[in-house]
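Just one chain is shown here, as structure tokens, and it is the form predicted on its own.
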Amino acid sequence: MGAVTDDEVIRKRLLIDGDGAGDDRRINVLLKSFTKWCNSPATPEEGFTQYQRMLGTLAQCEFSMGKTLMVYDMNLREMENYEKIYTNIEQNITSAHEKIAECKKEIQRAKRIRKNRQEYDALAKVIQQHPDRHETLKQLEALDKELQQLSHIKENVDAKLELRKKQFHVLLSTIQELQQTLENDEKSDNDDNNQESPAENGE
């Protein structure tokens, strides 16, 4: 419940419902009963009955207070849990950005490798024009192996980049679902509190 809603509830209890509602009403009734019990010239049996009723009312107030404290503690733990989740999400986002930046660097390296490969191809054509065919064949074999290695590196880089894109998409989807869950929880809490206030006024 937000601060504005709390102020509205307090103002409503103080200005509209003079006898209070819920626990406030029980306490007012208990005080009135205690004053009446002290000033009443009732018989011991009647006084004992009134005393038992006051104990019962007091027990209800204590139970309600304990329940409220438990709910409050639970809400605090939930807030701490949400803070941890939020921090974890921020760390995951930062990590994802770092991985994406690294993938971009790998793409740039792959582009440079491809450019070098094209230059090697051009050089190979020049070498083929020389009369030493045996040496040229050796050089061509070496270049072919290097081209295969470069192609393998490029395939690995492309696969890794695709994986990072999928992971980042899953992370963004998870963040959106968590934000929607938090909004639904907050809306549900507000609806529950708004429903409880009319019920208490009805008492």
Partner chain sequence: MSVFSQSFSPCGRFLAAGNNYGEIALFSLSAALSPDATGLSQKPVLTFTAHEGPVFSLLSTDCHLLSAGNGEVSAWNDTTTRFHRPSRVDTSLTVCLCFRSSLEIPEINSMTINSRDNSLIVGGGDNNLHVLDLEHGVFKAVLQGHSDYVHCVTMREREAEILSGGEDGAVRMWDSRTAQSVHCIDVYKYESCARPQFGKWISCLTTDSDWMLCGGGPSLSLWHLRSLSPTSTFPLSGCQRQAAFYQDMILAVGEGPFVSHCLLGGDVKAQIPCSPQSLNTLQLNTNSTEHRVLTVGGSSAHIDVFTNLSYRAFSLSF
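Residue numbers count along the first chain shown, from 1. These numbers were taken from a predicted model, which means no experiment stands behind them.
Below, we refer to the form predicted in complex with the partner chain, which is not included among the displayed structures.
I'd like to know if E119 sits close to the partner chain in the model of the complex, meaning any non-hydrogen atom pair within 4.5 angstroms. Yes, E119 lies within 4.5 Å of the partner chain in the model of the complex.
Any of the heavy atoms of K99 lying within 4.5 Å of the partner chain in the model of the complex? Contact check for K99: no, nothing within 4.5 Å of the partner chain in the model of the complex.
Evaluate S95 for contact with the partner chain in the model of the complex, applying a 4.5 angstroms cut-off between non-hydrogen atoms, and reply yes or no. Heavy-atom contact with the partner chain at 4.5 Å: absent for S95.
Q108 near the partner chain in the model of the complex, any heavy atom under 4.5 Å? Contact with the partner chain, yes.
Which listed residue (K125, R133, K84, R77) meets the criterion of a heavy atom within 4.5 Å of the partner chain in the model of the complex? Exactly one residue meets the criterion: K125.
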